[in-house]
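The chain that follows stands alone, in the form predicted alone, written as structure tokens.
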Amino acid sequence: MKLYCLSGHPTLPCNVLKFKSTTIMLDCGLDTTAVLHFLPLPLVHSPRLSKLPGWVSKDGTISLEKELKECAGRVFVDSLPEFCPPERELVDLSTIDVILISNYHCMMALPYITEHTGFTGTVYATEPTLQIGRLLMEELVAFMERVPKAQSATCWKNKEIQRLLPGPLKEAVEVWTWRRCYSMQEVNSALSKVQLVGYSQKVELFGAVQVTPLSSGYALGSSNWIIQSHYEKVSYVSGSSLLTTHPQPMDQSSLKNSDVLILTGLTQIPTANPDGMLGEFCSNLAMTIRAGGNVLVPCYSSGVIYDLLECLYQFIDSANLASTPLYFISPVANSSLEFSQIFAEWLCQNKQSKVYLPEPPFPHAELIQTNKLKHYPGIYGDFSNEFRQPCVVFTGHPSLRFGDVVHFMELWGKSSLNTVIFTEPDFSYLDALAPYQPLAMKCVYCPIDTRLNFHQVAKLLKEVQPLHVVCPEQYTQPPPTQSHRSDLMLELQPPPMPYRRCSVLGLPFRRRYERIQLLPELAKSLVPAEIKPGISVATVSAVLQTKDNKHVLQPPPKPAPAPPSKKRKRVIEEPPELMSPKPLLSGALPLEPFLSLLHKHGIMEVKVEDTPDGHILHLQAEDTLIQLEEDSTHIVCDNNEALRATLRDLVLRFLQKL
């Protein structure tokens, strides 16, 4: 059993597991942090960005003024942003049988995997994962396609040039593998390969293994996966949460008795408490609005935004902010808000029960009815007519490199009354803000990440007790910025097996058993013999048939009757004659009773010699040796077949025949 690691990002994993002749891809996360090296894509012409100076090396030998621009001491690529897809050279991706998706954030690289690699397998995901994943992909494509860029920057990727660039561009890895965004046609083609599954539904793969999704408690439809055969069990835990939020709670008990547990997608902010961050979010928002400023919240169109809106629903009345408009701007804003209300069976019990009242499970439905929350596909059209300030705007993309958020950063960045509040933990807020410097607006970092922290993981692993744990190497050492914090890492016995991008791990357990089915007519012919109290054994002669990884023992074929005609035109190959098998012997040969039996049969002179494996009996008068060992008996007797047969029969009296 081998694990191939195709992604270096611990919360956007992509691994391939080879298990019992099946090749299973676990998630296909897209590392979007590469976009931080690019200039933002403004929706309207930005004089500030267009006037940025091009980059020239200090000695003047390298000039990439058309590709690289300098801003506030940093260098950015002036091109359409690119992403770092999973590694493609480590495994032949056309051999992948299935892809298991754990949540909608971990499927964003799907079109890169399914559309250009010869992939012919099936993708398994829950319905909310598919539908919300589709929305996030549609949004990404829309953000890119509405601001096309003619030029494509590639010269800076030359290794000789890249090492001369200033950081952090100099440290960027795998730059030649970075790819532009896929098209909507590729998204539709990739998602047509998805087969929907429900929690605890068992899916059989080629008769070899069974895969089962379990609720992971992190997002709508998010799953952990069990991959098991009859005698081996692998658990894949990715993006899980034990906090009480809107999704169904995490199913922990089904993870017990795992041979290997692959652990990924822990919180990216282990020191931040999500409840404390929500409180900080609300208080900073209220302070800004009261001072007459606007609040910008860069966010994804699904996920934490539901919790933020629920929090604001309870907060705005008590804070006297009921008249402040909330705007949600995204090409998929309407679909996202509607989907969250219709996936009732995927919600926690509290929200499920509201559906039967009937009430909408999320309070943002009431915010929309009372006109406190308005949603728009973009900043043009209705929004520009109805827009009033001060207000709160939720929009994407959290990287601040594309989407409507770029427009608001340019619009509001010059005033210290306004505030940008970062709630998504995927991007460094300082790197996200770098191309907008110098910036007058206030910046608040309130990352809300409900995924498991190290304390919760330690408790979970203590309960489910897997034999081996596999995890990204980042989890086996403290964060680089807090090297003294040994509590921010996994400390387990035995130590977890770490992996990094492009590593191949041999998982530490061997398959030892296989299940075989006996046909009823063969079972009827067995004659069990008791060898120990409660333990019976029977010999079987059969033909083993293997098909679709299922093994069946069938009765041996009977020889075909001879053809009636005497003259044979050609020689027919005779089936092999089935010999009746020799009986199997079991039991032990006790020394003293055997010696007394020899005496009874007239063999008196017996010299006994002890050996490491048993005894050697030397019958001196007969010039014969009997070697008694734990699992065998040898009679060495020259030219006296009658004596050898007699001694053999005496030995057999103490043994059981099967």
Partner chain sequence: MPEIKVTPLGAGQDVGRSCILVSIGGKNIMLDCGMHMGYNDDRRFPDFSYITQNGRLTEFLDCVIISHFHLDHCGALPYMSEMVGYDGPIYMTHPTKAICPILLEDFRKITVDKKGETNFFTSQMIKDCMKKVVPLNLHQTVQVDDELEIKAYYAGHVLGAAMVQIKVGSESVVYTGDYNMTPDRHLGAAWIDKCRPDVLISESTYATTIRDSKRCRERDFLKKVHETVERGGKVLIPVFALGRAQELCILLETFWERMNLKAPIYFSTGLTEKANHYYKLFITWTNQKIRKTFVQRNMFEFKHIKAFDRSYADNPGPMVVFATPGMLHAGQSLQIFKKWAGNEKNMVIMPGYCVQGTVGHKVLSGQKKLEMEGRTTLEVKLQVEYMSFSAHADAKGIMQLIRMAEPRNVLLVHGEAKKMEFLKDKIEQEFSVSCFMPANGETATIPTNPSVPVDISLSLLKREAALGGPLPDPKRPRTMHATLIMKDSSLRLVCPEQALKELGLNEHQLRFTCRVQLQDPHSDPDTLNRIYSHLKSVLKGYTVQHLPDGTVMVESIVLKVSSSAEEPNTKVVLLSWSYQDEDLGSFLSSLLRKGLPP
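Positions refer to the first chain, counted from 1. Take the two forms, find the largest set of C-alpha atoms that superpose within 1.5 Å, and that set is the rigid core. All figures in this text were calculated on a predicted structure; none of them were measured in a lab.
The same protein also exists as the form predicted in complex with its partner chain; that form is not shown, yet it is the one meant from here on.
Check: What is the one choice in L467, A208, A538, A440 with a heavy atom within 4.5 Å of its partner chain in the model of the complex?
Finding: After the contact test, the surviving option is A538.
_Contact residue in the model of the complex, chosen from C502, L518, C155, L430 - any heavy atom within 4.5 Å of its partner chain_ = Here the answer is residue option L518.
>> Based on heavy atom distances of 4.5 Å or less, which listed stretch (420-428, 470-478, 358-366, 407-415) is in contact with its partner chain in the model of the complex?
In response: That would be stretch 358-366.
All of L165, V173 and D382 within 4.5 Å of its partner chain in the model of the complex, heavy atom check:
No, because L165, V173 and D382 lack any heavy atom that approaches its partner chain to within 4.5 Å in the model of the complex.
Q.
Can you tell me if P556 lies within 4.5 angstroms of its partner chain in the model of the complex, counting non-hydrogen atoms only?
A. Because a heavy atom of P556 falls inside 4.5 Å of its partner chain in the model of the complex, the answer is yes.
message: I'd like to know whether E629 contacts its partner chain in the model of the complex, with contact meaning heavy atoms within 4.5 angstroms.
response: Contact with its partner chain, yes.
- Query: Would Q228 show up as a contact with its partner chain in the model of the complex if we use heavy atoms at 4.5 Å?
  - Reply: Result no; Q228 lies far from its partner chain in the model of the complex.
T33, heavy atom within 4.5 angstroms of its partner chain in the model of the complex: So T33 does not count as contacting its partner chain.
- Using the arrangement in the model of the complex, list in sequence order the residues of 583-607 with any heavy atom within 4.5 angstroms of its partner chain. Going through 583-607 in order - heavy atoms within 4.5 Å of its partner chain in the model of the complex - the hits are P583, L584, L585, S586, G587, A588, L589.
**Request:** Answer yes if the CA of L52 moves 2 Å or more between this form and the one not shown after aligning the rigid core, and no otherwise.
**Result:** No, L52 moves less than 2 Å.
Taking the rigid core as reference, does V16 move its C-alpha 2 Å or further between this form and the one not shown? No, V16 moves less than 2 Å.
**Request:** Classify M25 as shifted (yes) or not shifted (no) between this form and the one not shown, where shifted means its C-alpha moves by 2 Å or more with the rigid core superposed.
**Result:** Comparing the forms between this form and the one not shown, which are aligned on their rigid core, M25 does not shift its C-alpha by 2 Å or more.
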